[in-house]
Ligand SMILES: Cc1ncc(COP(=O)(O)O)c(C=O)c1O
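One chain follows as structure tokens, the form predicted on its own.
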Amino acid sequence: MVATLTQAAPGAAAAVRLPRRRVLPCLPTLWPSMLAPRLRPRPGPFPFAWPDARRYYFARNAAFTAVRVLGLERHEVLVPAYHHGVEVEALEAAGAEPRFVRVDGRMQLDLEHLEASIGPRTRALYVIHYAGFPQPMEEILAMGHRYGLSVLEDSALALLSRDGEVPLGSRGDIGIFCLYKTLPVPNGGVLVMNRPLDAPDPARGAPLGSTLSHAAGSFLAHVALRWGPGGAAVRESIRRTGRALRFATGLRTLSTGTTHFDAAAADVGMSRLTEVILDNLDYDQIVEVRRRNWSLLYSRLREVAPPVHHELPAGVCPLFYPLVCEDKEWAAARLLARGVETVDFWRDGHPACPRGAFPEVDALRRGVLELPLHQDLSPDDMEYLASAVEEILS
């Protein structure tokens, strides 16, 4: 049974307040050393070294292109009911017709409901690997083969993650990746074609203003992480100034945090700055540190705040630790007061997927809060984070 985080009752004994310390950002941060171009770039892992890949500004651009490449216009695509929403908008904008399929309380696709949902107009199965943990691809691929359906493997939350030795995103007809959820890059999405297909390269380069704005935000998060309260104050001051300047000048950026698909930006590619940063990363270390940090959190919180997944399979690169809460806003505010930034994970989906039709998904949307465990955070940071969670549980 999954434990839930609840607000302490009035009059309950207060926990000892933790000492003030630096901010723990919710995403990995940009270090200045990552900005130096390399004369001999390191060979990257899948999907970066894949020969048949296209690099976009957003992962949603890859989903949009996948519909066109696979000829799914005016056909039905089966999509998990637990989704972000922007990927569904991208599928619709490209001409596909999403139909939703049950996901259980452990973020696993219901294969029986998936197969029962296949109809005469179904042409593809859309699979989402949540937080780096794999879906049962053997069974899904067999189902796709049995019914003659394409399989789109959405690994936006599972970059660098494997199912044993097999990279997630490498087995479906199409693999889709988001880079900036896992890596300290200002933008980036990748479309991988795992069978002979013909996808166009992005027609437009990334806008410089948006790229620099997002890179600056990541660097300021690094300042807040390394410089403690003083760095956090500098970060907030510069952010306020930037917002005021954007308002005064009317400058609009391509935001990586939006929940809506903009068809006008569907052909925008990845920035050169992202490419430079990618050449400077140690991917094996990123996976190793994320796995270590997940294990450290699990060892401290498994009894009081167990995650959705109760084990870390071989090869998985976890994106975050899913804290299950009864009141996400209350928990997020109290963790932020202790310097821990969190993310309200997928509270709302696409409006075409009605609330109440999938109770387990509704519970996940109400309850899951992302705790950071990315590669910038040390074992000491994980101890502090776990203590902060234990404190607000008391």
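One rule holds for the numbers: they count along the sequence shown, beginning at 1. Here the structure is a predicted model, which is why all the values come from computation and not from measurement.
This protein has a second form, the form predicted together with this ligand, left out of what is shown; the following refers to that one.
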Legend entry - is_contact(residue 55, this ligand) in the predicted bound form, heavy atom dist at most 4.5 Å: no
Inset, instruction - Please run the contact check for residue 46 against this ligand in the predicted bound form: heavy atoms, 4.5 angstroms, yes or no? - result: no
Inset, instruction - With heavy atoms only and a cut-off of 4.5 Å, decide whether residue 59 touches this ligand in the predicted bound form. - result: yes
Legend entry - Residue contact check: residue 199 to this ligand in the predicted bound form, 4.5 Å heavy atom: no
Legend entry - Contact residue in the predicted bound form, from 84, 123, 309, 162 (heavy atom within 4.5 Å of this ligand): 84
Legend entry - Contact residue in the predicted bound form, chosen from 224, 156, 185, 109 - any heavy atom within 4.5 Å of this ligand: 156
Inset, instruction - Tell me the stretch among 299-307, 203-211, 136-144, 84-92 that has any heavy atom within 4.5 angstroms of this ligand in the predicted bound form. - result: 84-92
Inset, instruction - Select from 337-351 the residues with a non-hydrogen atom within 4.5 Å of this ligand in the predicted bound form and write them out in sequence order. - result: 346
